[in-house]
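Heads up, the chain below is alone and in the form predicted on its own; it's given as structure tokens.
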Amino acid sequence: MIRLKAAVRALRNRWFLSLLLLIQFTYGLSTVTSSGNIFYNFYYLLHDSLLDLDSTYLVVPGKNFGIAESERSKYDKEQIEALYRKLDQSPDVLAYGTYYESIVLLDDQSSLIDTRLLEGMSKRNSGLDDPYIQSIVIDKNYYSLMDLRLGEGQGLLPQDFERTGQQQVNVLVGSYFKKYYKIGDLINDQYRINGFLPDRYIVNNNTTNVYLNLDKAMLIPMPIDQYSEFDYMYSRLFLGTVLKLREDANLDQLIEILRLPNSKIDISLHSLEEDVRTNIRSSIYAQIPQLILAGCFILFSVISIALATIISILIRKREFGIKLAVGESVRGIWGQIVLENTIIALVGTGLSLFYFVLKFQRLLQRSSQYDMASVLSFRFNAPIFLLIFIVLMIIIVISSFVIYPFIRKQEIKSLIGGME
């Protein structure tokens, strides 16, 4: 406590140098935080997909997909079923499934739903005033393709895929809901929680490179009446078909299988891994200047702290000389200096986080509300705080070892003769 009070008093006495260091930490660490978010997103997209990146391919319609409505009358349910039977017989296809996006409106008048959950699921500027859960409705094949390993719960059952759309059904929800529900609880008196999803992401739109984080999402088994209804089948073919393929699969042949007879709609098969890597590559070049700035900040912070410390020692020669004369060790003096620099670094870190939140308030809010996985998702989470802590420790440790030889060289008689 005595050392802490002495450190605060010393910082107050050298307030101008302390202020300059605080400004540097505020802007520098905010740059590190924003770059850390981007590079964390790169890692997350490459390693935390619920679907295997290497083998997963998405059916993506071409730019002329607008003619799909006019072509719909040319086909029927049997032709689409025949198409999927060909996929079953193809040696290149290990598994496939279909899905579509949906939303589950939460009953905000129900006393059974926690008001904090309603607030957390409200998405401003989404066009909907009511809170809702972003959901993906999956068929039985897609559920098998996922090969889910749940930490809690039994998962979806075969009979869940045999129900009609209005019946109660087992669903899987993200970890966010653990605060409000347990296994077996009902949402809206219809969706029974039968498992909690891992904190990963999933494809929720074959035509975009933005994906859905599962922590606030819901997976719903597809009702049998929707699975076998032609209009649903037709739209899922182009917008919601996912395939798991062998490494050397013949993509051209598979595209021909997926194209309906005499269809004018262009389709292609996109590798999920390549889509993710393309998304990352398009952003990583823009981050190089930020990365250089972050590196320069670490370098300049070490130099600035070392210079400020040396100037402080020269100003306070008499103080340190008297301390050494009465028995204080060189390491004790060094420890005092390190404590002072650590206080500046911690206060600067707090200011930098405040500045980061202020600067990226809208991005943070959108990322929190919509919970999408992309290279531009900004958030505060454990990995980001860990990165900031590591950078802070690097700066403090390096600067501390830089100034130690200078402190050790000081002699009592030269210090005593200095000015306070």
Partner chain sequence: MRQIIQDIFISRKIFIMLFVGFLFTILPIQIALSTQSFFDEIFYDSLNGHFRYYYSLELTNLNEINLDKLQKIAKVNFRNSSVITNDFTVNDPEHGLMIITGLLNNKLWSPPIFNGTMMESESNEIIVGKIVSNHAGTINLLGNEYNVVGIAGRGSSDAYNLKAYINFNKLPAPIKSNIERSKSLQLFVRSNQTPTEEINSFISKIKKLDNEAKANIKDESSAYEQAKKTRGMVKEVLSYPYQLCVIALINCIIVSYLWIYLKRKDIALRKALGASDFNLFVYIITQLFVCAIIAILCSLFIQWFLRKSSAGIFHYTSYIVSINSSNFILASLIIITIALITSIIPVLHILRIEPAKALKE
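Residue numbers count along the first chain shown, from 1. These figures come from a predicted structure and were not determined experimentally.
The form predicted in complex with its partner chain is left out here; the points below concern that form.
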item: Residue 304, heavy atom within 4.5 angstroms of its partner chain in the predicted bound form; value: yes
item: Contact test in the predicted bound form: residue 10 vs its partner chain, heavy atoms, 4.5 Å; value: no
item: Partner proximity in the predicted bound form: residue 403 to its partner chain, non-hydrogen atom cutoff 4.5 Å; value: no
item: 4.5 Å heavy atom contact, residue 397 and its partner chain in the predicted bound form; value: no
item: Contact residue in the predicted bound form, from 311, 105, 183, 251 (heavy atom within 4.5 Å of its partner chain); value: 311
item: Listed residue (41, 34, 352, 56) with a non-hydrogen atom within 4.5 angstroms of its partner chain in the predicted bound form; value: 34
item: Its partner chain in the predicted bound form reached by all of 176, 380 and 384, non-hydrogen atom within 4.5 Å; value: no
item: Option from 283-291, 226-234, 327-335, 85-93 whose residues, in the predicted bound form, bring a heavy atom within 4.5 Å of its partner chain; value: 283-291
item: Sequence-ordered residues of 331-364 touching its partner chain in the predicted bound form, heavy atom within 4.5 Å; value: 355, 359, 360
